[in-house]
Ligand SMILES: Cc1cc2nc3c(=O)[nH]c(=O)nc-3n(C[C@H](O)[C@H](O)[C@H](O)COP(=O)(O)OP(=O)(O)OC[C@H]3O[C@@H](n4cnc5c(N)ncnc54)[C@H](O)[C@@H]3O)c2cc1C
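Given as structure tokens, the chain that follows is alone and in the form predicted alone.
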Amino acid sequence: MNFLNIKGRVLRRTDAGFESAVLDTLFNKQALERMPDLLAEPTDVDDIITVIRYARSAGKKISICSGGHSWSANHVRNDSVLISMTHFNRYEVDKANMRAKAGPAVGGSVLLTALMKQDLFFPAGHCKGVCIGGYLLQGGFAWNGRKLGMACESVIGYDIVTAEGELVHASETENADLFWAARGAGGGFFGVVVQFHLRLYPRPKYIGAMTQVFGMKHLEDVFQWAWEVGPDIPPAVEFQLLMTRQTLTFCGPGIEAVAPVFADTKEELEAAVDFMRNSPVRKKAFLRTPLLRSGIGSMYRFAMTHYPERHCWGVDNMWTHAPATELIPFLRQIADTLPPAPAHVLWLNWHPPVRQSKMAFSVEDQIYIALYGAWKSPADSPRYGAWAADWMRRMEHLSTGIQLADEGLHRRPARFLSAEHLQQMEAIREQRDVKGVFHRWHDAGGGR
């Protein structure tokens, strides 16, 4: 038994293996200049309550890790207690009632794959390895998200251990303030979610994608087309452009235009990609595929070609509704300075609906642009580490904010909540975390 008398592992900073255990929680392998004082891996709610009470008595702040895919390593802080939720990785499916319960360390791809075998669906994220804890707290951009909404909108309840060390349930009718805050707070949430209660959906009958790949010389034409067609793209499609020095992992520099489709009828599937078939730039593509039916496993494998493990990452993003004439000159310069693959630029035509859900999540726009700097050797960090943040800083005048999934707040402050929602969030924090037990975001004022 460890000094906290919890069933899970506890490591102090002076213990052998401590630093490697903390670094093992990170997908991003870029070197850090910060380190917590203690790492705890609770196995149940009682363990979590004990760790919270210890942190309060010791005057330490708490950070939480579900899967470790925070690009900025938001959960690794100095002078703090890091709670790793690795043991909270179980889920239960209630097909009859179209509901599920899942712990924060459940992989989104694991859950979705299991659900689809039962002809069920949940709007999980696009990358393998991403656990649902941080993903759902920050909002959740998902497969089929333009039809089903942000993934957090499909969360109907949370089991939360509060800053007072009390286990509570939050829903629309119970602890509604915590329910509101949990849907969008991301790494700034002031509690430990131990279980999510999820709404499930029927599995889409048809899943597929159409792809066109262009050389970099067609950049201006391709992005102009994407900007023009964006408002009319059906919600069954999450249309995206991905710019890289190594398209399809083996071709040269260029732009992958990909249209993943989740449709409930064959007619919807076919109609969803008419904009690709009738594109004015279609004939400029050096590779074109028909609409290919695929399983979710194939979709994950394709996505992960651009997000390999054991790399260093410097990531930043922006929402915008700026005209193409203002965005494209920057995109051309970004293309000219792209680090080697797997570094890439993502352009997502989002054009969100008016959200009906009452939730903290409150910043999105017509177009999403994210820059993913990636490099293998830590020795290249001075060369590539600030690439994404520097370009987003130059484009700040065109930005309406960022999303927390791809945040780089440790490098660049940015708006991720509306002013009204940030004010409401902080008012709830003052009531629920009086002593400031839980860490806020890297940039304490970024949600302006």
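Because the structure is a prediction, the values reported are computed rather than measured. Residue indices: 1-based, along the sequence shown.
Absent from the display: the form predicted in complex with the named molecule. The rest refers to it.
Quick one: is F189 in contact with the named molecule in the predicted complex, heavy atoms, 4.5 Å cut-off? F189: yes, in contact with the named molecule in the predicted complex.
At 4.5 Å between heavy atoms, is A405 in contact with the named molecule in the predicted complex? Looking in the predicted complex, residue contacts with the named molecule include A405, since a heavy atom lies within 4.5 Å.
Would you please decide whether T247 lies within 4.5 angstroms of the named molecule in the predicted complex, comparing each non-hydrogen atom pair? Residue-level check for T247: no, no contact with the named molecule.
Classify C131 as contacting or not contacting the named molecule in the predicted complex by the rule of any non-hydrogen atom within 4.5 angstroms, answering yes or no. Flag for C131 set to yes.
So which of G385, G401, G68, P413 reaches within 4.5 angstroms of the named molecule in the predicted complex, heavy atom to heavy atom? Partner contact (heavy atom, 4.5 Å) among the options: G68.
Could you work out which of A374, A170, A360, M85 is the residue within 4.5 angstroms of the named molecule in the predicted complex, going by heavy atoms? Exactly one residue meets the criterion: M85.
Please state whether all three residues S154, G157 and F179 have a non-hydrogen atom within 4.5 angstroms of the named molecule in the predicted complex. No residue of the spot touches the named molecule in the predicted complex.
Want to guess which of 271 to 279, 123 to 131, 91 to 99, 255 to 263 is within 4.5 Å of the named molecule in the predicted complex, heavy atoms only? Correct option: 123 to 131.
Going through 301 to 332, which residues have a heavy atom within 4.5 Å of the named molecule in the predicted complex? Please give them in sequence order. The one in contact is Y307.
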